[in-house]
Ligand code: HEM
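In the form predicted on its own, a lone chain appears below as structure tokens.
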Amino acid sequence: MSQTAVIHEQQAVPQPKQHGKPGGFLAQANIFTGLIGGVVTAGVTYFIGDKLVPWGTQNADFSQVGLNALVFCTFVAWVIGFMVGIGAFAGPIRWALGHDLTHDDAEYMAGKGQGRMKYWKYTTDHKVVGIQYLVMALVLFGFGGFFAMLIRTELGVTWREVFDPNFYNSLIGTHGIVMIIAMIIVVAGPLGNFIMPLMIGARDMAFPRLNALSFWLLFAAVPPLVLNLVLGGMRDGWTAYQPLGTQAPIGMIGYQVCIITFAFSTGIAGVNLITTIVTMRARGMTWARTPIFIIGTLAAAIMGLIWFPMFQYAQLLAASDKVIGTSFYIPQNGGSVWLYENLFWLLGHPEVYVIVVPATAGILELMVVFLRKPLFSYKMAVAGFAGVVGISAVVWVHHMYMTGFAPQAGYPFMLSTELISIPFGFLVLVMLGTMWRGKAWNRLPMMIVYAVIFDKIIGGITGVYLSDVPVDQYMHGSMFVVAHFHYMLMGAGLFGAMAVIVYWFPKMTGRMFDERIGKIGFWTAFLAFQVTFLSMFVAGLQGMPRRVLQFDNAFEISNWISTIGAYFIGIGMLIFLYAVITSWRNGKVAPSNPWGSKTLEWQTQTPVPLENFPVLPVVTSDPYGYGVPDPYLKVEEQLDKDDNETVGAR
């Protein structure tokens, strides 16, 4: 008997004509051509605009006529010039010319064969973009943390002016918005891009070129923000309330251009994340089998996509008032400051959840690994995330109790703000339930989880108080509020981000994290954090207002303690950063799955190959089956038993 095997070879996919070398213009473009493009375009724009400005002519407020427009156009020119130089428009131009991408072009854009240079280019590989986001977040935290040290230095002494009051106010505003941007991207950027596609079994993001576009737009948005410090600053905090923003120096324009550009970045990233999660999950990965980190990432992306445009609209209208003289926010000309405050806080409060939710989801993901237990009540966790997304739409007015806006809305919004503690309570219960009777493997990520739960309880309880109209009337604008939101953003958000970055560090870098040095850094920062912000709670309860340069002697001790604590936070963070850098450069080579996790990102090799998986995986169960007997083991045992009986019978 003979058998004939028919081999069906895959037909080659027809390719468009290759024009020039693979990559085209992108082969020549990198961050340096981007910087040159941005600086030259901005310089030419300023030079031309300078000829058009009627120097010496003043507006009614004694400001130079045309100066705001000149600065605005220069910043916009920087952004456009940088994006041209980095190669962001190469794809649309090729498409317009009819030069479609070939397979070789796509591989070049993904960074194939470019070594470390791919990290400095407009690279489409999701893993490269994830690393770019991680480095960018660390740089922003460096800036924001340095500004925080300067602020605490000023507040460490009473009745002395270490800095000029206007510069000090600008430091507060710049510190706030830099840290907000860093917190928004620190989990969703690195892990949403690097880990998420691996975790769902995909080869890349749904829109790889948009992925690169979102990162480089973020990069281009930062210089105008930092330059505000040398252009008179933004002196009314990161909220930039109107009409104070319109009356501010030209440094405010840097803030506005930054937010407008950053909103495009987050919008593009949000669409990409949502599309990838919804359409590219591996075969068999139903929603019930989708890892909880993916659910949390999806929830944060939805909130960012809905609410961040509100912040963008707020700054677009503010820039219009400042640059071309409209009056959206100028009451004497028919404008309304309520419009700004509503647009701002429509993002301003949900942004807290955009920051905390991905970190919380990442923590839930690592807890099941280090406790070797299934996630307690997966459905409750999903309900918690869904509840946060839904109720986040109706909480913004609690920031405006004291402004006089719609007093009759105070109590309904007090109720809605308190209600959001319920879905967050679900998530805390899932954490505690997963820990219950678990045998913890206390590596550094798990230790940080304990710290995050502690901080989240303090931040959550104090937040319930502040959502109450009567309490807020006393606490509003005080250091108590500052301490509360630092417990949520830093204590839960940033420390949570540190936990998940350490957890996925081996997969992202191919090296094991130095936990000995990391523990020293983390626990130093955590204990100093308690010293800093518990003391700040005391100052707030004593009645100390926030955003002040000088203060009464009654607050001197608590501020002195907070400043000492802040310095130690800085020391702890520097030690932790040292652990990140040395581990990345010289750490022990990581195996593919050092934690024994069951999720897909750990099932492929490390370093992760360009297309992630040699064969796309098929999912047959949920990823949290720790402690559950392997069903195939029983089948194999039965087969072995049958074989033995057959042999014995013969």
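In case it trips you up, residue 1 is the first one in the sequence shown, and so on. Computed from a predicted structure; not experimentally measured.
One more form of this protein should be noted, the form predicted together with protoporphyrin IX containing FE (HEM), which is absent from this view; the next part is about it.
Undergrad: Taking heavy atoms and a 4.5 Å cut-off, does G390 contact protoporphyrin IX containing FE (HEM) in the predicted bound form?
TA: Because no heavy atom of G390 falls inside 4.5 Å of protoporphyrin IX containing FE (HEM) in the predicted bound form, the answer is no.
Undergrad: Does protoporphyrin IX containing FE (HEM) come within 4.5 Å of any heavy atom of F485 in the predicted bound form?
TA: Heavy-atom contact with protoporphyrin IX containing FE (HEM) at 4.5 Å: present for F485.
Undergrad: Can you tell me whether G335 touches protoporphyrin IX containing FE (HEM)? I mean in the predicted bound form, with a 4.5 angstroms heavy atom cut-off.
TA: Result no; G335 lies far from protoporphyrin IX containing FE (HEM) in the predicted bound form.
Undergrad: Heavy atom to heavy atom, is G237 within 4.5 Å of protoporphyrin IX containing FE (HEM) in the predicted bound form?
TA: So G237 counts as contacting protoporphyrin IX containing FE (HEM).
Undergrad: Could you tell me which stretch in 314 to 322, 147 to 155, 510 to 518, 420 to 428 has residues with non-hydrogen atoms within 4.5 Å of protoporphyrin IX containing FE (HEM) in the predicted bound form?
TA: Going through the listed ranges, the match is 147 to 155.
Undergrad: Go through M490, I294, A77, A221 and name the one with a heavy atom inside 4.5 Å of protoporphyrin IX containing FE (HEM) in the predicted bound form.
TA: By the 4.5 Å heavy-atom cutoff, the listed residue in contact is M490.
Undergrad: Answer with one of L494, I268, L343, M447: the residue that has a non-hydrogen atom within 4.5 Å of protoporphyrin IX containing FE (HEM) in the predicted bound form.
TA: Selected residue: L494.
Undergrad: Go through 180 to 197 residue by residue and record those having a heavy atom within 4.5 Å of protoporphyrin IX containing FE (HEM) in the predicted bound form; state none if no residue qualifies.
TA: In sequence order, I180, M183 come within 4.5 Å of the partner.
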